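What follows is a single chain, given as structure tokens, in the form predicted on its own.
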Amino acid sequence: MPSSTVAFVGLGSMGAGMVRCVARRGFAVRPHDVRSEPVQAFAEETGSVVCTSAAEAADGASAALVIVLTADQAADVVFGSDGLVGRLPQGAPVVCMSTMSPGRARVLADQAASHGLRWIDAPVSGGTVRAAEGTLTTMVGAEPADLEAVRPLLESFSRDVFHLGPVGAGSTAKLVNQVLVYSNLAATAEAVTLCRKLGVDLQTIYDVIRTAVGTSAIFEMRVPKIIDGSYASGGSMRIALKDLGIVEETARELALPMPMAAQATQLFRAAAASGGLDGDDLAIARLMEQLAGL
């Protein structure tokens, strides 16, 4: 597959790094994004074509990778009037990396199958730095043969590729991950506020906790951005609330109590109400500081 041509749709904060990893691995990339600027920048760097629609990106491609914000956007990219369907060859794999509920992933997979396409449910985790480095964790729900068909593509931007089972299993793993990410981030904001309220140097506490059992990847990634005063982690409040909304919806469908996730959701909503949806997810730390009178 290294000589294959890939339609790559979604050059946002994660996709912009990933598409460059794909190109460096030797794939011919046909990129598209609703914003022209990232596509133009990528084209200037790599000499790729500039595709003005998902349909155009699919011309001549043997596989597609879609990393857009929501399941509805992914559905439009693939099945919309200017979508991939009808342009990709029969049997082509579509790798969908958007975070969505497992049930929605299965619905889209069935729809893809009705058009003769193979669906690979493959959300990722790791953040923008690891996306650019090509060291993401990729969680795959797919038929084994479908995964193997796109494994070289996935490995171009992944440190680890896990096969969890059929379509929906990858999205399940991503939801579990997001519960932990945002619950840990809420706890980190609370713990940092406690530290500052007690007048202890945060850098010292950070150095201690990194060696203790209370640490987490989120604690280690986010606290330095609080210490330096930037509150600029690269995380997104909009994405946090979107993902927590999917968790909330899934828990409701399952009649499953999830009190930690529910509390984190309310704190993120409060932070968004205070600072806006377009800010960094570390707005939750600012909110906790305001509540503490810091």
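In case it trips you up, residue 1 is the first one in the sequence shown, and so on. Keep in mind that this is a model prediction, so the values were computed, not measured.
Absent from the display: the form predicted in complex with another copy of the chain. The rest refers to it.
Trainee: Quick one: from A113, V107, V129, L194, grab the residue that has a heavy atom within 4.5 Å of another copy of the chain in the predicted bound form.
Mentor: If I apply the 4.5 Å criterion carefully, the residue I get is L194.
Trainee: Pick from S230, T52, Q263, T46: which has a non-hydrogen atom within 4.5 Å of another copy of the chain in the predicted bound form?
Mentor: By the 4.5 Å heavy-atom cutoff, the listed residue in contact is Q263.
Trainee: Since only the chain is shown here, I'm wondering whether D160 would be in contact with another copy of the chain in the predicted bound form (any heavy atom pair within 4.5 Å).
Mentor: Yes, D160 lies within 4.5 Å of another copy of the chain in the predicted bound form.
Trainee: So in the predicted bound form, does any heavy atom of Q73 sit within 4.5 Å of another copy of the chain?
Mentor: Because no heavy atom of Q73 falls inside 4.5 Å of another copy of the chain in the predicted bound form, the answer is no.
Trainee: Does A28 reach another copy of the chain in the predicted bound form if we count a contact as any heavy atom within 4.5 Å?
Mentor: Because no heavy atom of A28 falls inside 4.5 Å of another copy of the chain in the predicted bound form, the answer is no.
Trainee: Considering non-hydrogen atoms and a 4.5 Å limit, does another copy of the chain approach A145 in the predicted bound form?
Mentor: Judged by the heavy-atom cut-off of 4.5 Å, A145 is well away from another copy of the chain in the predicted bound form.
Trainee: Counting only heavy atoms and a 4.5 Å cutoff, which of 150 to 158, 113 to 121, 198 to 206, 81 to 89 contacts another copy of the chain in the predicted bound form?
Mentor: Single hit among the candidates: 198 to 206.
Trainee: Counting only heavy atoms, which residues in 164 to 183 are within 4.5 Å of another copy of the chain in the predicted bound form?
Mentor: The stretch 164 to 183, when checked against another copy of the chain in the predicted bound form, contributes L164, A169, T172, A173, L175, V176, N177, V179, L180, V181, S183 at the 4.5 Å heavy-atom cut-off.
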